[in-house]
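Quick setup: one chain, the form predicted on its own, written in structure tokens, and binding and motion questions come after.
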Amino acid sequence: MRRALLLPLPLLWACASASGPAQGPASGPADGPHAHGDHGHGDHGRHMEHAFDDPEAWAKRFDDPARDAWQKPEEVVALMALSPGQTAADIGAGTGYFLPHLSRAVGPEGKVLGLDIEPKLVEYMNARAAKEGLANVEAKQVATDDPGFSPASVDRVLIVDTWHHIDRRGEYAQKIRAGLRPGGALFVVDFTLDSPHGPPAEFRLSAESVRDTLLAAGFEAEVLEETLPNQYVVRGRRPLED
């Protein structure tokens, strides 16, 4: 996970609401919210900082309606198999692109957490939730190395276009598993190795490597079938007997 001693804030801890061809087919890695550089390998990684002191400006990109065509948020949320009354968390939620979709899926009796390390993005998400009448949504600032879940308190966790940015992914996955209720699940959505968009190729992770990290962290993990053009979805489920 990114650490303050390696990289000062502010930065977008997760490009969950931004990375990808938001501006059309010509967009490439350099167009994303991060300057992708100085990454490590394996379960450790660093990247260059990026300020997010103007969320309104970034929202024009993160929430561009054209993103729906390649991100397919309705399909992603459908794969999560959410039920009314459940609690879902979007880690690295950015400006809250997925929050309305998650809000509808869990219903008025459920709860959605929009988590990010950047305080101005958290402020923006809370204002967005109030403006759009998403009464079951709450945004919170979290640490770079911990999602901050209480034990067995969350039913579903979503991490979109973000997993490749996390250092010590195995340790972080264990913290997520501890925060999930038995039978709860983590969904990692990230760019394929051959995607024309996303981070530089040497910093990408295969779906199989993500699955293996989750298996090692104690999840029941598998790569799911989906129709996203440039991404994969890996599900890690906390065993019922855990």
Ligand SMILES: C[S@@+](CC[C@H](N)C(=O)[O-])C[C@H]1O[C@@H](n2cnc3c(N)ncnc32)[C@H](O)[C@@H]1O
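Because the structure is predicted, anything quoted here is derived from the model rather than measured. In case it trips you up, residue 1 is the first one in the sequence shown, and so on.
Same protein, other form: the form predicted in complex with the ligand, not shown, and the subject of what follows.
In the predicted complex, the one of Val142, Ala105, Leu79, Ala129 near the ligand [non-hydrogen atom within 4.5 angstroms]: None of the other options qualify; the answer is Val142.
Only one of 80 to 88, 106 to 114, 155 to 163, 129 to 137 has heavy atoms within 4.5 Å of the ligand in the predicted complex; I'd like to know which. Looking at the other structure, the answer is 155 to 163.
Tyr124 versus the ligand, in the predicted complex: is there a non-hydrogen atom within 4.5 Å? Result no; Tyr124 lies far from the ligand in the predicted complex.
Arg204 within 4.5 Å of the ligand in the predicted complex, heavy atoms: Judged by the heavy-atom cut-off of 4.5 Å, Arg204 is well away from the ligand in the predicted complex.
Please check if His197 has a heavy atom lying within 4.5 Å of any heavy atom of the ligand in the predicted complex. No, His197 is distant from the partner.
Is Phe149 close to the ligand in the predicted complex, meaning a heavy atom pair under 4.5 Å apart or at it? Contact check for Phe149: no, nothing within 4.5 Å of the ligand in the predicted complex.
Check each residue of 93 to 107 against the ligand in the predicted complex and list those with a heavy atom within 4.5 Å, in sequence order. Sequence-ordered list: Ala93, Gly94, Tyr97.
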